[in-house]
Ligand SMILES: C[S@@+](CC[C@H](N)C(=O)[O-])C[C@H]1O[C@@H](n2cnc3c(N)ncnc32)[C@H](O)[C@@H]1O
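Only one chain is shown below, in structure tokens, and it's the form predicted on its own.
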Amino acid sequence: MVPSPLRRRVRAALVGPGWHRAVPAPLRRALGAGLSLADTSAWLAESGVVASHERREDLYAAVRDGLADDEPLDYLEFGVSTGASLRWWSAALHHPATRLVGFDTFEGLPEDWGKVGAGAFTAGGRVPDIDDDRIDYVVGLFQDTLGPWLETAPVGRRTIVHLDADLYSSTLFVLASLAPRLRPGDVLVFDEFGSVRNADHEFRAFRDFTTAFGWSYEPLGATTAYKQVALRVAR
């Protein structure tokens, strides 16, 4: 069916480079944030995840309690900053062969996160001083460091992935890069999953990743208002 001249003009007006002028950038951002919150709400209703923990440390403890103490793990944290969560997991994971790896530039966000400007959450370029020789730090942008690290990292152990990169771009890159490595039983912990101020970042990255890769998962729990969410990979 050949479109009519009127239909072609309407389509060109809607798809072409001029349509955005009718919707100012602040309004586009507000509409996008509202749609992202609605998408997050729909996912929560469908997934059955329950916000049963007041603090993120309580959620961490629930995840840890579901793991075997006699099993060495890989704990990978993306977005370490000053190391609060990495320090918690270092104390909670007892097996001497467990490996903990923190990925970060330690110089703050590489780009704006909504109204939070690039450079926020900086650790001044310093890695956290945590007394645990099982910890390694991989310093730099994930896009520069994760691929080379994966080329030499042994695989096959149960993995906990702590995603606190905040940004859509960083979170999606990590998930897509780890896809060949993750196995059923591995755990994903998101730190800004249900973010109200920046709803179109971590959740959108998760949604786009699972849509593109066709992965399935089991909800393990969430904190109040679903800010932090933990999921087990089911594939």
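Numbering starts at 1 and runs along the sequence shown. These numbers come from a predicted model, not from an experiment.
What follows is about the form predicted together with this ligand, which we do not show.
Heavy atoms within 4.5 Å of this ligand in the model of the complex are found in exactly one of 61-69, 162-170, 28-36, 177-185, that being 162-170. At a distance of at most 4.5 angstroms from this ligand in the model of the complex, all three residues 77, 85 and 108 contribute at least one non-hydrogen atom. Taking the partner from the other structure, this ligand in the model of the complex has a heavy atom within 4.5 Å of a heavy atom of residue 81. Proximity of residue 153 to this ligand in the model of the complex falls outside the 4.5 Å heavy atom cutoff.
Proximity of residue 204 to this ligand in the model of the complex falls outside the 4.5 Å heavy atom cutoff. Heavy atoms of residue 117 never reach within 4.5 Å of this ligand in the model of the complex, leaving it off the interface. Contacts of stretch 118-153 with this ligand in the model of the complex, defined by any heavy atom lying within 4.5 Å, are made by 121, 140, 141, 142, 143, listed in sequence order.
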